[in-house]
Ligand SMILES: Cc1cc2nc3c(=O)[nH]c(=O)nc-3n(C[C@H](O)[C@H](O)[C@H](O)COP(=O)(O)OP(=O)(O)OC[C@H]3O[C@@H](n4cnc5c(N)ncnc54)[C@H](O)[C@@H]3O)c2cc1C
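Single chain ahead, written as structure tokens, the form predicted alone.
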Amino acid sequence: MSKNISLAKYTTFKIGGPAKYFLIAKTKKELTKAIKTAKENKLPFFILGGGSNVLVSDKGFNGLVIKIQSSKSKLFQIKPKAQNPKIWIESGAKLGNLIKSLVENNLTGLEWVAGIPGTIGGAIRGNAGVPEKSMKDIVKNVEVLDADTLKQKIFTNKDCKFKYRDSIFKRNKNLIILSAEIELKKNDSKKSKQIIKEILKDRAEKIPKGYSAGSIFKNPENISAGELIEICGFKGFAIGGAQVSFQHANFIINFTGNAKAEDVINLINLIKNVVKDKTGIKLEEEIQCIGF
């Protein structure tokens, strides 16, 4: 366990102060031990995956940050079945590495996450998705550590209470995802590679380059948050080192490389107020704010 570790380098925003204590957990045993230590010392804790969809305060986090990190050689296990094999995946598996490995094993059904940063655990927690699909469509079971009891449980898809960009894990920080079972199909790897190539090309055209946390706001019903923000004239608007992307208005970019969390928060609050005043629609953040 390390002390006073900058969290900026562990987030896609590249923003944030230090964690009082920091630990990389590579096994369930290490994770359980870390949480037990935090509880015994009455330390608040935060579970960090790939660092996307997160904004860390400039003051950092006055507790223990546990980064879950899976070994590339142990990303998943395949439970054979004729057409729909079940895949058991560690929560810390990075989506990019996972997709590559699945394709090499002729497995299809998760190509749509290509280009999305983060880990499988984070994707399940936030029910990550695209317009046509989301994690709830492929998750069968989730292995969870209950931080209150330090016992492991299995949650079925129904138990996860998935909603748009939401799940029971997002609403209860004591339910920590250890691994998950998803159901995919067999497919020719060449077909999957072509699908991924097309998805990555489309994302490159739509998703802004640079340091960001991904989409800042959830999409209200029947309209995109980006469209609302653009209508209100915020494209390119900046506060300090934080700027609303010219390419996609639902992205805030750390365009100077040294933006402050306060810049982002002030920009978020301004956008919410103006959008509410002009359209009557209340935007809700998709990103998670830590240490505020």
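Throughout, we count residues from 1 along the sequence that is shown. These numbers come from a predicted model, not from an experiment.
Not on display, but discussed next: the form predicted in complex with the ligand.
Taking the partner from elsewhere, every residue among I68, I116 and T119 has a non-hydrogen atom within 4.5 angstroms of the ligand in the model of the complex. Although the partner is absent here, G60 sits far enough away that none of its heavy atoms falls within 4.5 Å of the ligand in the model of the complex. Using a 4.5 angstroms limit between non-hydrogen atoms, I87 is distant from the ligand in the model of the complex. Contact check for F251: a non-hydrogen atom falls within 4.5 Å of the ligand in the model of the complex. Put simply, K158 is far from the ligand in the model of the complex: not one heavy atom of it is within 4.5 Å. A single residue from the set I199, I138, I207, I168 has any heavy atom within 4.5 angstroms of the ligand in the model of the complex; that residue is I207. Residue V54 is the only one of C232, A261, V54, A225 with a heavy atom lying within 4.5 Å of the ligand in the model of the complex. Here the chain stands by itself, but in the model of the complex one stretch of 101-109, 146-154, 124-132, 186-194, 124-132, has heavy atoms within 4.5 Å of the ligand. Taking the ligand as positioned in the model of the complex, the residues of 204-241 that bring a heavy atom within 4.5 Å of it are, in sequence order, I207, S212, A213, G214.
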